[in-house]
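Below you will find one chain, with nothing else, as structure tokens; this is the form predicted on its own, and questions on how it binds or moves follow later.
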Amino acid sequence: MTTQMEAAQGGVLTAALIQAAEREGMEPAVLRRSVAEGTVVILANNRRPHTVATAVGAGCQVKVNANFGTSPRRTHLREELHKLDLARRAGADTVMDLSTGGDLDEVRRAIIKASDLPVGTVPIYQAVVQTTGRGGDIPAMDPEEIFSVIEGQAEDGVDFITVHCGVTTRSLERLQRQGRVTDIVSRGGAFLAEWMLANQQENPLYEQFDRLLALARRYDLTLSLGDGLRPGSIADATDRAQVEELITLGELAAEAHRAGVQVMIEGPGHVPLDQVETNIVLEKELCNQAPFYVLGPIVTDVAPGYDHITSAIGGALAAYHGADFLCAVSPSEHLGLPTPAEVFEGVVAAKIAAHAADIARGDPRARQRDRKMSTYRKALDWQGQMQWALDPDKITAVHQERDLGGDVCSMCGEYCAMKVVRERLRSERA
């Protein structure tokens, strides 16, 4: 069975590609060329025919991912499925199961079964949880277990996985020589760094990258090459360790493309506004224009409880400059496991950022949506505004809470600017 990339390189328009092109409003032939070149990925494991095929990359609308999952301290499957439902309602294009508590296979399979959106995971989490669950510590993890987990998750139908292949002996040495304010904040990156330093061995995901590619090719599993050394504070942004890892990821992406395997590159992290564009340019240049998947970026460290806002600010700027995929950040990032409501709020914030970037990038559908909203706003048509709003329920809730009636809101009432001007223009025409 060929991958989406191999099919595209052979001139074949797959069913998933045609579906994705229709969703993007693109000609299938145009999308095929981008997939063949590796500038677009189609997230569709060949074991999941029911998945909504989703294209991420050049020429596509900016996509948004929602993270959720259990923790050792909270393992309620029903709650995670509720988060899935709310993420979908908020407009998420994909979801990732980051579970580390409870029966991980049960949770993942339930999410895959309930989701028609592409599902991603971070397999190193399960490999570590299984190791520690048997009484071992992280250095006792067997590399074979990592690959076993990856294959098991791919067999279940996971569409994309984060693999921290760029955390290498060389990049860790560079990090140690330079020093950082927050060292390593990526869980996957930290797990691998602990294993490597304790065992004095190279990262097995890097050392056995050919084996990883063979697995990915078998299931058409998209590799999201993780930023295990992403900066966790503004002070660490765009440092030597981060750039060293990015160079390695660019080289690995080229290997993946030669093998017909789809890849995305993950990016920072905490980045000040003045460095956001630089980070996008670096990724695109070093990784041959591969799709860029960013967490935020979070543009200030001082807003715990509001990091859905700090990340939306950075996400809008990043996407305008060429990032393709935004990872939603909940208000409780850095504080605790997000509630279902916080997952929803984080996705809405990321969707605002993505939509704002699509407008600035000249996407006609995004601009048409805003024009429709403005038309209904001028007409004081609340039902029409709900139809085009990113969060229609918010409008309904405000109206019900404040008992608003008629065609005006409680801000201006009868002094509504658009109502005053509309009535004056109408009388002038008469």
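Start at 1 with the first residue shown and count on from there. Predicted model only: the values in this text are computed from it and were never measured.
Not pictured, yet referred to below: the form predicted together with a further copy of the same chain.
Each of 234, 336 and 375 comes within 4.5 Å of a further copy of the same chain in the predicted bound form, counting any heavy atom. Heavy atoms within 4.5 Å of a further copy of the same chain in the predicted bound form are found in one stretch of 239 to 247, 260 to 268, 149 to 157, 175 to 183, which is 175 to 183. Note on the partner interface in the predicted bound form: the residue among 215, 138, 86, 282 having a heavy atom within 4.5 angstroms of a further copy of the same chain is 138. The listed set 227, 93, 342, 80 contains one residue whose heavy atoms approach a further copy of the same chain in the predicted bound form to within 4.5 Å, identified as 342. For the chain shown alone, residue 145 is not a contact residue for a further copy of the same chain in the predicted bound form, no non-hydrogen atom being within 4.5 angstroms. In the predicted bound form, no heavy atom of residue 292 sits within 4.5 Å of a further copy of the same chain. Although the partner is absent here, residue 219 is not a contact residue: none of its heavy atoms lies within 4.5 angstroms of a further copy of the same chain in the predicted bound form. Of the heavy atoms in residue 322, none are within 4.5 Å of a further copy of the same chain in the predicted bound form. If you take 112 to 140 and check each residue for a heavy atom within 4.5 Å of a further copy of the same chain in the predicted bound form, you get 128, 129, 132, 138, 139, in sequence order.
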